[in-house]
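First comes one chain, alone, set out as structure tokens in the form predicted alone.
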């Protein structure tokens, strides 16, 4: 009888935790979508960079190493546009969490009988949904300009899934910073570091055409291999290596960032 009661209580607790996590995930997603001033830059600026790159380097297509088998620079830029937009958007979730800490909502949430891990999972899940929606937006937005994904529907699905994983992995770092500092300004101040890490990769130009220190940094930058995996899906089709690079790299980064977030959450809980 006691065993049955404990099993029922465990099922009830698990069900409540899942329900609370889903509610927090929904709140996080809606919170992002209801702030167009924060959402718009992560959608507009990547498209602007793609158009600028196509205009500036369009004549290099078919001539430089890494671009000889490319039909258009805009098609070459789809992977970097997707990664850039999702990285931009990943800051939003961390900023929103820091705002919750500043206005006292986090303290009220911790004072209630709610799941603690769900606070973190809900925030990251909301960011992942937004990352997937961003990926779909960029694929659809560039389609009228002749951008096609050679990997077909499966390739497009993998790119959307990769966008969600990128948002989760980078969002983990932003969430950790929000939990540590409790300052939305500090989270926003970390964004240039994210952009610099993307800039020193092969996101905007092929590594084959790079030289010197820039190439050396790009060779060690995991974002280079992530973007190149997405690029192969766009330009050449489905390959096992491209799929692995597109999915496993953000998962590996996410393991580290989520572990860091959990550590910062534990420290904040200990302070309560």
Partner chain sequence: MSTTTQKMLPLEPPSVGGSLFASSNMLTLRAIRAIQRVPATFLPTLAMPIFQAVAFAGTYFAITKIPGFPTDRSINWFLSLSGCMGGAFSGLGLGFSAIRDIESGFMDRLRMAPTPRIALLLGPLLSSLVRTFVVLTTVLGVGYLFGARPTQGVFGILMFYLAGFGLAIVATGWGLGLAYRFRDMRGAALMQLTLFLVLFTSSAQAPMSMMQGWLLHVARVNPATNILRLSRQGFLNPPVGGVTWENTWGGLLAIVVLGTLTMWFAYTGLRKLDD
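Positions refer to the first chain, counted from 1. Being a predicted model, the structure only gives us computed values, none of them experimental.
There is another form of this protein, the form predicted together with its partner chain, and it is not shown here; the text below is about that form.
Heavy atoms within 4.5 Å of its partner chain in the predicted bound form map, among the stretches 91 to 99, 119 to 127, 164 to 172, 190 to 198, onto 190 to 198 alone. Listed residues 51, 38, 238, 43 were compared with its partner chain in the predicted bound form; 51 is the one with a heavy atom within 4.5 Å. Under a 4.5 angstroms non-hydrogen atom cutoff, its partner chain in the predicted bound form has residue 209 among its neighbouring residues. Within 4.5 Å of some heavy atom of its partner chain in the predicted bound form lies at least one heavy atom of residue 60. The shortest heavy atom separation between residue 225 and its partner chain in the predicted bound form exceeds 4.5 Å. Remark: all three candidate residues (56, 204 and 214) come within 4.5 Å of its partner chain in the predicted bound form, counting heavy atoms only.
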